[in-house]
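Okay, so we've got a single protein chain in two different forms coming up as structure tokens, structure 1 first and structure 2 after it.
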Structure 1
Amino acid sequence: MAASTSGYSGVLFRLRKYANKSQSLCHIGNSNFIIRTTWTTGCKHQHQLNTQIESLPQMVGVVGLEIHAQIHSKSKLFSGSHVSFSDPPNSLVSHFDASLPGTLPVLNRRCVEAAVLTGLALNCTINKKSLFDRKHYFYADMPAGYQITQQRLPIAVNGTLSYSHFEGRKRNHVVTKSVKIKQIQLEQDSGKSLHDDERSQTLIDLNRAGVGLMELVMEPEMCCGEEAGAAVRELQLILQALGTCQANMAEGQLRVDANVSVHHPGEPLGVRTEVKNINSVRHLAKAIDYEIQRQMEVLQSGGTVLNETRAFDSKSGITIPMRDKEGLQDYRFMPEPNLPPLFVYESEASVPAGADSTQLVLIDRLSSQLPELPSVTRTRLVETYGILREHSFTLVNEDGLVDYFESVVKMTKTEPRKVIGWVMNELMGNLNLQNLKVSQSPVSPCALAEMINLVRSGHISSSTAKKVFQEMWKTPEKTVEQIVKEQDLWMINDKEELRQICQRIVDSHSEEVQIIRGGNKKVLNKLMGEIQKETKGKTNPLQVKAILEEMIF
């Protein structure tokens, strides 16, 4: 797209041009697409550009996130119903979940532990005492007429999340930033409503009602979709490593709402909108960038940004005001009288006398259960194996890839830096092509290691190995050796045979031989290429080069 190379002044020009046109322009799909794309470009180069053009005070986007992470637990936050995502409607509903009168909430310790673990992983202060509140609003899929949440005193506060994204032309320059986590609060999920417009009725499924959620509030410290996307991606990896949330956005296990505003740096924050209905990290970035762009346009054309909730439409890539939750809500918060304060303890020593510590939540016990977090894994991979940082990101990003890589490394004496090449190019290339997960790879770590070992021992060449890999992918039931044997791909190591091949080439390329002898050694490569072609890559280039040089000089 032209915009991506047009640079800053071009972007600005476009902005102005659109801004001068009718405002309705931003609702026309095609124009929008361009605006959105140009903005993304602007964002990436923002700091650099600001210094370039000081005469034009540029507005910047400000992004905060509200994230609902569904707790991965066997049962719901306040009832014994199972948590599952594919069961028939209303089959996982206890009396409490349906809000039958006289039922009371009973806090699930596993959910508390999940929140504490998450809080620890995000460097939060864990509140030893936290409280539950009722948040009131009428909605068909919220049977009690209120949600139990932690408004006054949440379980964890004041954390930080470090995240990285890539900059530079080759996207290989890692930039690390961090965003403050204001709080993590425990709360109930709602059920689901299914609107049947034809019969003008609404169907309610309460399977999800009462499932535990962690609401994470990230401070408005991000400036664009890419940053927000990177932060959410890192959060996903952390939650998955902890096992506290499966964090699949498409399945609603992780729901991200973005609070977006724009302002001139140094001035107070602008009026914000809340963007909802975002179901992937990619859409999150798109939605935010679109919304920043939209707000800038509104302001630059003399309009005002409304404090409203907008939904992202992934098909058209735009945000639209949401109709049903318009108007200010007064949630009439009130302490939840049926739940005593939630206490967690630092360690066994701080548990009050007579209490059964196995039934309590102990911070030090949970700390010791913390798994290796993604950032630590990346550093370890870089330091242990000497691989590139961007490769460490790819390894950690794909579920199971770190294990795969490390298994291969263990089974071969080949340098890890060479192993990573096979993993990144051959393995990932094929997986991506067929949209498979690491766990679905037809080539096992063991098979890959066997193949790499054949390369190392000189039994097959690197270029042959690439063919072998493709065969392994197609026929996983065959062993590496079988494939090499059947396809006759063993390396030609016999000196005499090699000599004969070289001699044939030298004889048929007398012109080139003359040039080489005349001093232009580069032409030797051409002869080597011919030999590679002739032997289908089954020769060792160093060996061939030595023989050729011996023959020619």
Structure 2
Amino acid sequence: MAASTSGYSGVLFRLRKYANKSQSLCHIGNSNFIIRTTWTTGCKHQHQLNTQIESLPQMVGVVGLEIHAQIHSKSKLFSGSHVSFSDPPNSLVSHFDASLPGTLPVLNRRCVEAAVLTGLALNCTINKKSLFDRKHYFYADMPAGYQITQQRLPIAVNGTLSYSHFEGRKRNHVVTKSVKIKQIQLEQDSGKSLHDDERSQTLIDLNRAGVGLMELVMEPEMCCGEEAGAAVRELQLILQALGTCQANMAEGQLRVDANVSVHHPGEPLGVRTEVKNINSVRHLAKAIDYEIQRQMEVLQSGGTVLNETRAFDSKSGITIPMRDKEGLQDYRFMPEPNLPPLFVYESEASVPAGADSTQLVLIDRLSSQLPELPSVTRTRLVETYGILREHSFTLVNEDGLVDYFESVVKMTKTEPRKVIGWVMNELMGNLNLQNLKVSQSPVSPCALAEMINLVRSGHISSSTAKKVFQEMWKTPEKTVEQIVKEQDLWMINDKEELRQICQRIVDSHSEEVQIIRGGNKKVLNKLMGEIQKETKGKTNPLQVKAILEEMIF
């Protein structure tokens, strides 16, 4: 059906809280709904656990993840409503999104293709037939009272995600591991509840309601926050490379639930807790490590770990109880009656006679569209350019940095391992200092290559080049040669001029000269420093050293 957003623009549905804050009354139209809410605050007597306590050495943490990735699509999963992050509340809501009677879902093919493409990249088996189900539960921001998901037969199963993290004192030893992906399923997102504590009310924004999600369920095979964080970061990069999800956690495009338990190796897994809706990789790692330590402390003191849902408080660094999960919630799953089975086909040859293959999802067609994935890119960078493996991670982690680096390498004859130094230290140093993206760099790859070429040809020194780079950053409209010429930074290559400079330094440092002649050649570095200071770094250290040695000895 055609999307209609009239009648909802700029309106926030209001939920007026009862005075005891245990229930809320929702007024939408002429209907009233009682909403049970759970309010949790950090106990003022609860302090962060002592992370230095001595844990039982034989106990280990076990971590599994459930990740909701918002599909990068122009419209929602089952309606034509536009998808946008910052539009006015309830301005992107169709009749179906608001669950008006008589409205029907129409599946968005782009969302299906995104799920299949993601499954292929993660080595999943793509189910040729998958089913949609209704998962019933009531939240104020889900007006239908159920979510359309894929509980019985998801679109992709049995995948693998390989990820790497750093170990060792210098954090330069790369350890690569993998985690199994149980399934990838398509489902709707809910709306958003905005709590106004001052007015004791909750406002509902349905702009996000019905947005397409891929839920990726990972098996409990990780042991700590660092591993889980590395896995999520690698997944982010894969999704961004595929274009199936922008994966901006700050905007809720990637939301992570962590299932955490501890046990003794060889024994059954312990009781797990679920830490919900973690919105950054850093917070994920902290929440998991805290929760593992908390559970170990509970068991050490003779207590019992509760099966519960918890939230992570990023300010205090602790997890907080939200609700009990001991009682199994009955979601009353049932087949979605308004959606037929979803079929995807291996190739055009497998398409039923009379069907239009251009309107169908073909696995081989999507497989041919797979881009170079992050792990492949890192391996190629190391093998092609001889850079350190840890540098390949930095290049891939920063959006646009691989292209920047390779562009500079193509425009200069300098060794790539020297180019990487300029990219890592000067470029990234300045970008991080000003919180800029690579695409916002005032120094273009061409300008950086031009400067590096001047260093290689001996026209400017490395120390001078660092000053030139900072000037390029401040005045990007000027060329490298303009800056060097205006500030008189050209290297002094005239041998007679160099000899005169060296002679002045030797004559004015007779005491140091005697020490050098006495056998302490380290003092020669002081004289070289004086020359560099006088010439503002415009001399070649090797040339200067040769001249000084000739004069002194």
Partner chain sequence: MSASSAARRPVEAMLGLSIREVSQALRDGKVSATELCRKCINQIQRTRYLNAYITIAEETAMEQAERADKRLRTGKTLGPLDGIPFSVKDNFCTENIKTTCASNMLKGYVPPFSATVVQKLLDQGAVLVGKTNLDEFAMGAGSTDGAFGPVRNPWSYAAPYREQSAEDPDSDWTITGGSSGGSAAAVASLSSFLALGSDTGGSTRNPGSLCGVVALKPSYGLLSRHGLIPLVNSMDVPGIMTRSVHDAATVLRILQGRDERDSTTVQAPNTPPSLPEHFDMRKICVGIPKEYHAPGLSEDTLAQWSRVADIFENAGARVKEVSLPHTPYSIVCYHVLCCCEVASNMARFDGLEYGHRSAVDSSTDAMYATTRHEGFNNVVRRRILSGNYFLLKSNYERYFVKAQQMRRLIAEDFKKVFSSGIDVLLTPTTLSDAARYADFITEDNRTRSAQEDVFTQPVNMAGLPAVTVPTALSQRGLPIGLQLIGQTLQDWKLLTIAHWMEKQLHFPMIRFHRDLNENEREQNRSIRERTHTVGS
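These numbers come from a predicted model, not from an experiment. Each residue is numbered by where it sits in the sequence of structure 1, with counting from 1. Between two forms, the rigid core is the largest collection of C-alphas that superpose within 1.5 Å.
Trainee: Between the pair I just shared, point out the form predicted in complex with the partner chain.
Mentor: Structure 1.
Trainee: Where is the hinge among 401, 239, 149, 227, given that one rigid part rotates against another between structure 1 and structure 2?
Mentor: From 401, 239, 149, 227, the hinge pick is 401.
Trainee: Smaller rigid part versus larger: rotation angle between structure 1 and structure 2, in whole degrees?
Mentor: From C-alpha superpositions, the smaller part turns by 8 degrees.
Trainee: After aligning on the rigid core, report the distance the C-alpha of residue 521 travels between structure 1 and structure 2, in angstrom.
Mentor: The alpha-carbon displacement, core-superposed, is 4.5 Å.
Trainee: Give me the C-alpha shift of residue 201 between structure 1 and structure 2, core superposed, in Å.
Mentor: With the rigid core fitted, the alpha carbon of residue 201 is displaced 2.5 Å between structure 1 and structure 2.
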